[in-house]
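Single chain ahead, written as structure tokens, the form predicted alone.
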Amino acid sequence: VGRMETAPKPGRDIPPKKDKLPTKKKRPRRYWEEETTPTAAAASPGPSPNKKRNRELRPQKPKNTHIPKKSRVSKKPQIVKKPRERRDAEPPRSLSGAQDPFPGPAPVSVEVAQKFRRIDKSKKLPHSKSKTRSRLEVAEAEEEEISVKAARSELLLAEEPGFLEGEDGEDTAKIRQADIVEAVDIASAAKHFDLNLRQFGPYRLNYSQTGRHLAFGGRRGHVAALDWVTKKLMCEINVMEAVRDIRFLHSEALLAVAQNRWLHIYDNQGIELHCIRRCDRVTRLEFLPFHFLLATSSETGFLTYLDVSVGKIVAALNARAGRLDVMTQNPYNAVIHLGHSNGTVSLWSPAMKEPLAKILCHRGGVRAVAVDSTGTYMATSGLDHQLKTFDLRGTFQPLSARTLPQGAGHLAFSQRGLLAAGMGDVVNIWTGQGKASPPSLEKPYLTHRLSGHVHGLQFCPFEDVLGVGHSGGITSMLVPGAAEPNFDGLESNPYRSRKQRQEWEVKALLEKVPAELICLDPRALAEVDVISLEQAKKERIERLGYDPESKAPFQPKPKLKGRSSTASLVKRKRKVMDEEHRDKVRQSLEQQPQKQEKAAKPMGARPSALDRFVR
């Protein structure tokens, strides 16, 4: 019977197709790449260069040859990588096709990176558990990476501090403000101005943390706040009461005014928000930005700390020194410095009812106190016409002193260490070698005479400007080299919007430092209090009746096949006890010669030439 021929089904009886080499997809030509012209070699018949390259990349296995196992293993890592190396060797190109002449990260010098490091690598890591040691090593590596990034970002700080340099032999103190205004640009010259307000003077003034806003209050009730750069007035009121001091709070939206009787809080529209009657007869105000604390000193001799975030009084300390007219803060550790009529300066913290330290500075009463931004130096002036600088790094010793023809009634430090002193209607400014050096009191840097007696001084943050409040109004002086030229936009941004200010307030409240942590040395917070730790351990032992951390007595583990009898357990316990006793005896024998040497040579005795014969 003849069979009918049927068409083959798909997938059956069809000879398998030969595997084709994977063809590389043609890469589209970019607009910056040159168009390649076909060459004679490409036009000639034969395999294309792409196929040749693919054939070279694929390992060829010869036919009818036996490769031993050893040679197969040895030839496995030997793969031809020449085309790949040639491709990677080309430097990366940008969109324009140009090559980067400086590939890789920017180099950073070791000296610049060392300035931003906080961990001292000279100290070796303690012998601790491997897990703790690994954490310390990771923290060191992260700190080193952060310091390198901070040093590299310092290249972006293009602004440099200004300076005032006279000609050969010229004294810079003889340069007037009018000469400086003529020499600088128009934007800087607009920062020098005088406000004639004789009707309501004398004035106290204060700049905001960003240095953009200025608030001032007159003795006869005049209170005003303005954007002093654009000269835009924010608010202006008359409280119909004597104003003794004025301060911005954490932002320019809130204003604290020490009036004749009580402490009042206003907003930037001049609307009274609070009247704090527990703070009465206030003479001076200081605001601690990182703790949200408003410190007030009063005629009754009380130092009061008010937490403005919750509206509660944290501490009310009696200084027992009479009227408190002189007060300032240390920006480094938030310690309050009070000047007294007996010539002493006391240092206070809300966590202590007694002063942290007392420094005898003058023979007469203290008239003014100022502390620099690094918390290293303190300047004081007294009724004895002396101007002194002190070292606050634990010694509290005077570094320099100068007798002034008229005692300085007001002092102020700038961000870069310049010291300004107000003496009657004259303002003198001294400068040092740098930011971390004390000011040299031998020769003044600048001198300016005002139209009235000085009643308030403050340097503007991030601007080479000194604000002076006097009986004739407000004067803004130009002081080259006084402020930091670059600001941190995340911390103090003079150009921030209302939305940015609100976000910054929320972040600052979340990072608020408790008032109990204010102390002389903030670095001590990161150290372990060994004395308190030992005392707590003793109290715990007395409370429990035993030491829970002591070594537990040896308990032998039970063994099988009759080896856990009572006699064997006692024997193993005694063996361990004998070993421990033997170690204790060995340690006592090693320490015995040292004790004998100490007993033979009393402490403080002079060495003798006959000591060599002593056995």
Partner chain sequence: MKVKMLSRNPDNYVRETKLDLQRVPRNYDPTLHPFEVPREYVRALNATKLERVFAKPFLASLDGHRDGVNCLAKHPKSLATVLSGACDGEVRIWNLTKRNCIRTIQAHEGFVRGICTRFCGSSFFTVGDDKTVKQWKMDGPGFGEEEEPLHTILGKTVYTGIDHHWKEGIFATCGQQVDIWDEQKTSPICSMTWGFDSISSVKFNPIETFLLGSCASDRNIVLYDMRQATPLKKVILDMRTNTICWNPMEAFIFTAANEDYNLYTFDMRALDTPVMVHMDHVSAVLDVDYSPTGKEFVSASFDKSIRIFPVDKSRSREVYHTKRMQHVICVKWTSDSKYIMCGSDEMNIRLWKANASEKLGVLTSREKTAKDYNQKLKEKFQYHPHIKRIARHRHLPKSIYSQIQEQRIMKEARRRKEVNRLKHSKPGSVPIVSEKKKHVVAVVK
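We call the rigid core the largest set of C-alpha positions that still match within 1.5 Å between the two forms. Numbering follows the first chain given and starts at 1. What you see is a predicted model; the values in this text were computed from it and never measured.
This next part talks about the form predicted in complex with its partner chain, which is not shown.
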> Taking 4.5 angstroms as the cut-off for heavy atoms, does Leu195 touch its partner chain in the predicted complex?
Replying inline: no
>> Please tell me whether any heavy atom belonging to Asn486 falls inside 4.5 Å of a heavy atom of its partner chain, as the geometry stands in the predicted complex.
In response: yes
>> Contact with its partner chain in the predicted complex for Glu167, defined as at least one heavy atom pair within 4.5 Å: yes or no?
In response: yes
> Are any of the heavy atoms in Gly162 no more than 4.5 Å from a heavy atom of its partner chain in the predicted complex?
Replying inline: yes
> Among 99-107, 337-345, 303-311, 507-515, which stretch sits within 4.5 Å of its partner chain in the predicted complex, heavy atoms only?
Replying inline: 507-515
>> Let me test this: is every residue among Lys115, Phe462 and Arg523 within 4.5 Å of its partner chain in the predicted complex, going by heavy atom positions?
In response: yes
> If you check Pro444, Pro331, Pro398, Gly424 against its partner chain in the predicted complex, which one has a heavy atom within 4.5 Å?
Replying inline: Pro331
>> Which residue, Leu360, Ala351, Ile271, Leu157, is the contact with its partner chain in the predicted complex, using a 4.5 Å heavy atom cutoff?
In response: Leu157
> What residues of 285-312, in sequence order, lie within 4.5 Å of its partner chain in the predicted complex by heavy atom?
Replying inline: Phe290, His291
>> My question is whether Ala187 is one of the residues whose C-alpha shifts by 2 Å or more between the shown form and the other one, given a fit on the rigid core.
In response: no
>> Please determine whether the C-alpha atom of Ser147 is displaced by 2 Å or more between the shown form and the other one following superposition on the rigid core.
In response: yes
> When the two forms are laid on each other by their rigid core, does Gln199 show a Cα shift of 2 Å or more between the shown form and the other one?
Replying inline: no
> By 3 Å or more, the Cα spacing of Glu354 and Glu539 differs in the predicted complex; is it closer or farther than in this view?
Replying inline: farther
>> in the predicted complex, the Cα separation between Gln114 and Asp372 changes by 3 Å or more relative to the shown form; did it shrink or grow?
In response: closer
